[in-house]
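In structure tokens, the next block holds one chain alone, the form predicted alone.
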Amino acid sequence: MNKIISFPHISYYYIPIRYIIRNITKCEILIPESNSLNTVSIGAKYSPNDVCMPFKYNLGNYINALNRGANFLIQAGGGCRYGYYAELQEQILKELGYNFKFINLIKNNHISIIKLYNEAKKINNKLLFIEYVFYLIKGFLIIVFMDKTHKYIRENQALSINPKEYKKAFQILKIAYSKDKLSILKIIKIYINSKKALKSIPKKQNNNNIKILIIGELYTLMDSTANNNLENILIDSGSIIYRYTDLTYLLFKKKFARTKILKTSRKYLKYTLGADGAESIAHAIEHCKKGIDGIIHIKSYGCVPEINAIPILSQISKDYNVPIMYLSYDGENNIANIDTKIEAFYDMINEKNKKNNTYF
């Protein structure tokens, strides 16, 4: 039986994840269809009512993959109750009658690269540890460079004379990184060329764009379907977007940032709130001090750490006189509804800016 491996779909990260898994297992990789309302609808049908949206998206991804022929599934989510989803997801899928092997890469509620190696070795017994590390490094480089590129786009696309060129450049980057065989030199070269292409796009002379910080629950932040394409809506409205939660942060920076986060937030909390709740508060404070125009806090429905952060964020909004908007996604929000909320939010920002400029 051919081994066909699949995993949950989230943002553009399916590209480096596919690269790593494909090269260390030498198996066929089946990427689930891009997330959609249909994905979450299928997942929600078989999920407990009180689980958060990432669970439902993941389950929808798995069902889609199994229906298309996958027989190996990988789960690697951790950090909050997300880290305990694997067992329940496997049980639900087995009860639905699917025949597959479920690989859970979580240990102590965090992804384990040793566990990944051991599981890959079972599938590809010729895999050497040094070879595994080599592909892991290359996959991590792709993650870092894609995140750097997307960060530049969020912060600069609204300043451009031709914003469509940014989307085109990122699409070229995604295609280039989707190859099975990539040397480290090639990975670096693709990023450098992409950066040059983006920096060559002409910008407007005048810059009075509204600056928005987006904070909240990691899955909803990173996946455009889960947040109803929020970032693109804001950018198309002329806003500069700041967002720090990405896979680079979660894999390499977060564990070193805890002391700084608590120090920044000490006026409002003494302990972390679980998941990224404390990060949401720290980033809000940092950007309020830098003069951000507004903050948007987003989460999936029922995300407990971010619910705990909301009262503190409301106080921060008052203390620094910075408007804040809360969006909670349940998989059924529509674009028109989001547009209406964003329009009201911009009105709040413009009204505040008018008052601030009254005496100048």
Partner chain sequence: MKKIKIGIPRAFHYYRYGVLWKTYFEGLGLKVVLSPETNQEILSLGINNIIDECCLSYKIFIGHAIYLSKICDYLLIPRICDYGKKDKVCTRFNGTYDNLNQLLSKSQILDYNIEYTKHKYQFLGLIKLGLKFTKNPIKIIYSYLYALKKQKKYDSINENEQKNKLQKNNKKVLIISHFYNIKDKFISKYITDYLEKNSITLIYSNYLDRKTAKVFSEYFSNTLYWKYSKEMIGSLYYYKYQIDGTIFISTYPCGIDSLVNNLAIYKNKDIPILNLSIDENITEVSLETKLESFIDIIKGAKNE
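Numbering follows the first chain given and starts at 1. Everything quoted here is computed from the prediction, not taken from an experiment.
Not on display, but discussed next: the form predicted in complex with the partner chain.
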Practice problem: Tell me whether 48, 91 and 95, taken together, all sit within 4.5 Å of the partner chain in the predicted bound form, counting heavy atoms only. | Solution: yes
Quiz item: Would residue 310 sit within 4.5 Å of the partner chain in the predicted bound form, counting heavy atoms only?
Solution: yes
Quiz item: Might residue 80 be said to contact the partner chain in the predicted bound form, defining contact as any heavy atom within 4.5 Å?
Solution: yes
Exercise. Verify the contact flag for residue 272: yes if a non-hydrogen atom of it lies within 4.5 Å of a non-hydrogen atom of the partner chain in the predicted bound form, no if not.
Key: yes
Quiz item: Is there a heavy atom of residue 302 no more than 4.5 Å from a heavy atom of the partner chain in the predicted bound form?
Solution: yes
Practice problem: Pick the stretch from 206 to 214, 168 to 176, 103 to 111, 154 to 162 whose residues have a heavy atom within 4.5 Å of the partner chain in the predicted bound form. | Solution: 103 to 111
Practice problem: Using heavy atoms only and a 4.5 Å cut-off, determine which of 34, 315, 38, 67 is in contact with the partner chain in the predicted bound form. | Solution: 315
Self-check item: Selected contact from 242, 132, 145, 268, since only one has a non-hydrogen atom within 4.5 angstroms of the partner chain in the predicted bound form
Solution: 268
